[in-house]
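Next up: a single chain in structure tokens, the form predicted alone.
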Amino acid sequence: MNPEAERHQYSQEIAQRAATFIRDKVNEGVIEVALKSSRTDMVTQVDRATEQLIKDAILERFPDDSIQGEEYGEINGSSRYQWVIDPIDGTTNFVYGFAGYAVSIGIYDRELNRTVSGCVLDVPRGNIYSALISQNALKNGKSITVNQRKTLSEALLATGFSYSDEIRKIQGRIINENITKIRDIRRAGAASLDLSMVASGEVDGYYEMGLQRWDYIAGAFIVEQAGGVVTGGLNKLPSYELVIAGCPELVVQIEEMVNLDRYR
């Protein structure tokens, strides 16, 4: 087994362990909540404990690998591989008991300068979305592809809202001005799941502002391996400013719809 495949397989094992841990904590029924950057940016002791579980598992098997996590920052290792983890993507949903949160693990090759593995596990539903470089994306072990819906008027889009009030105002204006131009819109509350659902055809396209790298790296890679495109709009790479995903033709139309120069 090559190094990417070995890590990819292990990432799914770790995600399953983490999901079991999270479900056990839900069953215990005591969730301690704190705020981070704003009133909408919550973190729980379960987020932190889950990230620690994932980090410990990675370093036990691959002690020279690097890790970037949402809650505890970075560990710089000597190997070419970096694990990018969001222990609970969709913490607000988790706190409220709303079924829409996931364990997200991406693996980045620093020599190739690209993601080589992605795993997103939908904790409440048990679905696992995954992709390995040079292979088709999978949902629960079965091959998936993005929808080829090529016009906005027929497209079901997913999006989310930033923790920043200023970015939220822009997002509200975009929806207000374009809601009549699309089939409909969904807001599930976890970027990694939104992207995974683009990959599997559960929605047609996706856009969002204000995401961190750990929010989108695994899901974006799964979209690409499912035949889709992920951009930051107008020939830019995905970033905190903007992430757009879908089939190539639809992405061009979403880029035109979410032209941030019009809304600033």
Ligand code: IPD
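For every residue, the number given is its place in the sequence shown, counted from 1. Being a predicted model, the structure only gives us computed values, none of them experimental.
From this point on, the text means the form predicted together with the named molecule, which you will not see here.
Asks: Under a 4.5 angstroms heavy atom criterion, identify the one residue in I88, A137, V146, V84 near the named molecule in the predicted bound form.
Replies: For this set of options, the contacting one is I88.
Asks: State the residue from I67, L211, V46, A57 whose non-hydrogen atoms include one within 4.5 Å of the named molecule in the predicted bound form.
Replies: It is L211.
Asks: The chain here is shown without the named molecule. Which stretch in 112 to 120, 129 to 137, 149 to 157, 186 to 194 comes within 4.5 angstroms of it in the predicted bound form, by heavy atom distance?
Replies: Going through the listed ranges, the match is 186 to 194.
Asks: Give a yes/no on whether D215 approaches the named molecule to within 4.5 Å in the predicted bound form, heavy atoms considered.
Replies: So D215 counts as contacting the named molecule.
Asks: Using 4.5 Å between non-hydrogen atoms, is Y163 touching the named molecule in the predicted bound form?
Replies: Looking in the predicted bound form, residue contacts with the named molecule include Y163, since a heavy atom lies within 4.5 Å.
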